[in-house]
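Form predicted on its own, single chain, as structure tokens, below.
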């Protein structure tokens, strides 16, 4: 995976959390994720397509997710409440949208609507041909991780080159 795809997610998570939640984020050293087991109990997932393809996951410990959603929504919410999942989905949407805007080479990228999974021991299967970079984060509300598994889409790049050659 291109390291240039990691920095935008780090900057975006810090920007979104400081702006929307007034919550500073300490980003720890990234590592390659091993296996498909979930990092934590609550996962917000977004797919990326276009010039890059893959998935991005924000995965929270349950107590951290509850505290962060309370800051975001202005009230504590039960994890079974539909608005709880919507809040997690909106956070992952803002982080991915912000990161996408920072891709340095002006790639054409679309992001999917977010999906949210709440529950212990859930699994999220990522593409097997893309390594997943795990970015641990710490806040006063608890810990979470950003899992970035994206790569350049060779087919999209080839189609763009062909279109430019035919123009």
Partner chain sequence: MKVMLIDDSKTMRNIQRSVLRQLGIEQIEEACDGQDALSKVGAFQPDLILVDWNMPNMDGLSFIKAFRKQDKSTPLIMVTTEAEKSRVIEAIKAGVNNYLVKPFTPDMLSQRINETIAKCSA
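Numbering follows the first chain given and starts at 1. Remember, predicted model here, so these are calculated numbers, not experimental data.
Here the subject shifts to the form predicted in complex with its partner chain, a form of this protein not shown in this document.
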property	result
Every residue of 117, 120 and 124 near its partner chain in the predicted bound form, heavy atom within 4.5 Å	no
Contact of residue 110 with its partner chain in the predicted bound form (heavy atom, 4.5 Å)	yes
Residue 97: touches its partner chain in the predicted bound form, heavy atom cutoff 4.5 angstroms	yes
Residue contact check: residue 15 to its partner chain in the predicted bound form, 4.5 Å heavy atom	yes
In the predicted bound form, residue 27 touching its partner chain (heavy atom, 4.5 Å)	no
Residues within stretch 62 to 88 having a non-hydrogen atom within 4.5 Å of its partner chain in the predicted bound form	72, 73, 83, 86, 87
